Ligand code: AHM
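The chain below stands alone and is given in structure tokens; this is the form predicted alone.
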């Protein structure tokens, strides 16, 4: 089976970018091993006022330290850090955005969680999603998998017992499925989102939602459908973050034949104005994205 290293070489990936991707992917092993000893919550909050799990802070510190020492990253922005980190002595000019531990509240219940990463060139993190050089996520479930795009389609790798990533699927395409997951409490949904969910349920859509964004998206990638975290009454920008969650996952979705929107505009075309900017998210199969846009357009008429 093709290894991650072999795939990157065959894809004509820039040497420094290859090294950076492999370095990030290697952190899955220590992260996975740390789950047993880092299950509790710590006495701190992130920039959003959310209580941090021990794995939030531990994985954030691990990846930040490794990337800072690599000399490959000039800027880094993490969901768990207030400010953009700069590494002025970096020899390369990559910029990394990341959610180091997505779904951390589910660790104690042993549900799948993950790490989401986007890699830009040009040394700056505040860029449109279309400027990404690569996007990936590691999913820690029954298998440790790496889903990756270099802007040339999507591949899924699985880590073997020796820590080597081996190719499971190449040129992954999102089918026109009928699964959906949606965040936010139903009483807080806006009228357009309520209408969208009613419409797809009337056409047989089935709810599958764990609360782990990366895990919920992965089943959409495999089986088709849509993941949503909508605008809410009193929270017009929703909960999820443009830079750490929407842009990397949206880039993967588009490379697999899907799309990402806030209900009206493609989120890969939105230029972030600050690192912790929030946005509503609808990401998945093109048939579902078209339906969402139609309903939202009618609501604005």
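For clarity, every value in this text was computed on a predicted model and none was experimentally measured. Residue numbers count along the first chain shown, from 1.
Although not depicted, the form predicted together with this ligand is the subject of the following passage.
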item	value
Interface segment, criterion being heavy atoms within 4.5 Å of this ligand in the predicted complex, picked from 171-179, 212-220, 83-91, 128-136	212-220
Contact flag, residue 78 vs this ligand in the predicted complex, heavy atom cut 4.5 Å	no
4.5 Å heavy atom contact, residue 147 and this ligand in the predicted complex	no
Exercise: residue 120 in contact with this ligand in the predicted complex, heavy atom 4.5 Å	no
Heavy atom of residue 101 within 4.5 Å of this ligand in the predicted complex	yes
Contact set, 1-38 vs this ligand in the predicted complex - heavy atom within 4.5 angstroms	none
